[in-house]
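Quick heads-up: it's one chain on its own, the form predicted alone, in structure tokens.
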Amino acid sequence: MLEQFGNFLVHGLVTGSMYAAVALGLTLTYGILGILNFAHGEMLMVGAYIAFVLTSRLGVNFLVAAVISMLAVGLLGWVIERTTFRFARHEHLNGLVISLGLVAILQNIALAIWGADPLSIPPPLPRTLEVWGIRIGEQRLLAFGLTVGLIILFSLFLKRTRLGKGIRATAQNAHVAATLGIRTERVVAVTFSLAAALAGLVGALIATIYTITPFMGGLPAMKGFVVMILGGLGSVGGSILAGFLVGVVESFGGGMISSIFKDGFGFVALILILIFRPWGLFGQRPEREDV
């Protein structure tokens, strides 16, 4: 029983780390633009295909390919923000429509280039480890370590660096930040690019565990939205913690109740928690307005 519990917990934390990384990118985008970017999952998909081409077609080392994927998707995010979202910054509905349009555009570009057949990257670490009865693949551990390390680096970047403080200030109040000398245009572009880069890395990691298709970004993006809302809109720390929570809930629910309904347990948790805390687990309770 203890071994089974340990397996569920470890696999839940590994999956949760990826949810947290996706939600972190969505939270950064939402905090800086006020837009729920539905195309974030397609950034993940692009990163997966880039990693596939580099490793399977060009023979590049996987870690090098993952870094290149992250940089390439980050550059793509910068281009997208400068050419689309930049002009809808104060029109959130227009930004939402733009993100939905980007979903269709990126999916169809992927279909035209690679087709609809599932592809995969052979895991660079194919062995399975067993410690105290807990079995887990080395590739999943690699994905967990890289994802958690990047989440920590992002958190330190936001708290300790000048640009990170500028991002936080712009997210809180762009007009006040601009009056204080912060170049908000640059901050917005950099933030969107960083969120896209994070999605690109997660895509490369997912590609070694699951198959790659033009539509693979839909479910991770949906889970990212669940995690972001569950943690509290705009809360970076809340998104990270909620990501691990959802991963563990799905792991235990899928293992002990129903593997078929595994992806639904996170949504059940979201509904139950929002009934009692509509502002999310770690969000700030809105102040009541006197009528």
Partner chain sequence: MARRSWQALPLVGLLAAGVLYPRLLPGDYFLHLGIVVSLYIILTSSLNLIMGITGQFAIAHAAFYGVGAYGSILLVTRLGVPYWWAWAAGILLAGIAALIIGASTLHLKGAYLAICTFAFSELFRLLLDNWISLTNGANGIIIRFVPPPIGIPGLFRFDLGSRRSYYYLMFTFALVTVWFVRRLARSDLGRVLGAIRQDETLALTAGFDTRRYKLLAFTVGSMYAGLAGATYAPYLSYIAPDLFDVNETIYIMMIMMIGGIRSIWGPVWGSILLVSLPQALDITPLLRMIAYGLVLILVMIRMPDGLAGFLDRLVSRLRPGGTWFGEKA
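The shown structure was predicted, so the numbers you read here are calculated from the model rather than taken from an experiment. Residue numbers count along the first chain shown, from 1.
Beyond the structure shown, there is the form predicted in complex with its partner chain, which is absent from this document and is the topic of what follows.
Novice: If we define contact as a non-hydrogen atom of the residue within 4.5 angstroms of the partner, is residue 87 a contact of its partner chain in the predicted complex?
Specialist: Contact with its partner chain, yes.
Novice: Report yes if any heavy atom of residue 237 sits within 4.5 Å of a heavy atom of its partner chain in the predicted complex; otherwise report no.
Specialist: Looking in the predicted complex, residue contacts with its partner chain do not include residue 237, since no heavy atom lies within 4.5 Å.
Novice: Can any non-hydrogen atom of residue 241 be found within 4.5 angstroms of its partner chain in the predicted complex?
Specialist: No - in the predicted complex, heavy atoms of residue 241 and its partner chain never come within 4.5 Å of each other.
Novice: Closest heavy atom of residue 12 to its partner chain in the predicted complex, within 4.5 Å or not?
Specialist: Looking in the predicted complex, residue contacts with its partner chain do not include residue 12, since no heavy atom lies within 4.5 Å.
Novice: Using heavy atoms only and a 4.5 Å cut-off, determine which of 131, 156, 79, 105 is in contact with its partner chain in the predicted complex.
Specialist: Contact check passes for 105.
Novice: Can you work out which of 233, 248, 67, 53 has a heavy atom no more than 4.5 Å from its partner chain in the predicted complex?
Specialist: The residue from 233, 248, 67, 53 that makes the contact is 233.
Novice: Each of 229, 260 and 268 within 4.5 Å of its partner chain in the predicted complex, by any heavy atom, yes or no?
Specialist: Contact check passed for all of 229, 260 and 268.
Novice: Quick one: find which of 160 to 168, 180 to 188, 121 to 129, 93 to 101 has residues within 4.5 Å of its partner chain in the predicted complex by heavy atom distance.
Specialist: Contact criterion met by 93 to 101 only.
Novice: For the stretch 17 to 32, return the residues whose heavy atoms include at least one within 4.5 Å of its partner chain in the predicted complex, in the order they occur.
Specialist: Heavy-atom contacts within 4.5 Å come from 30 alone.
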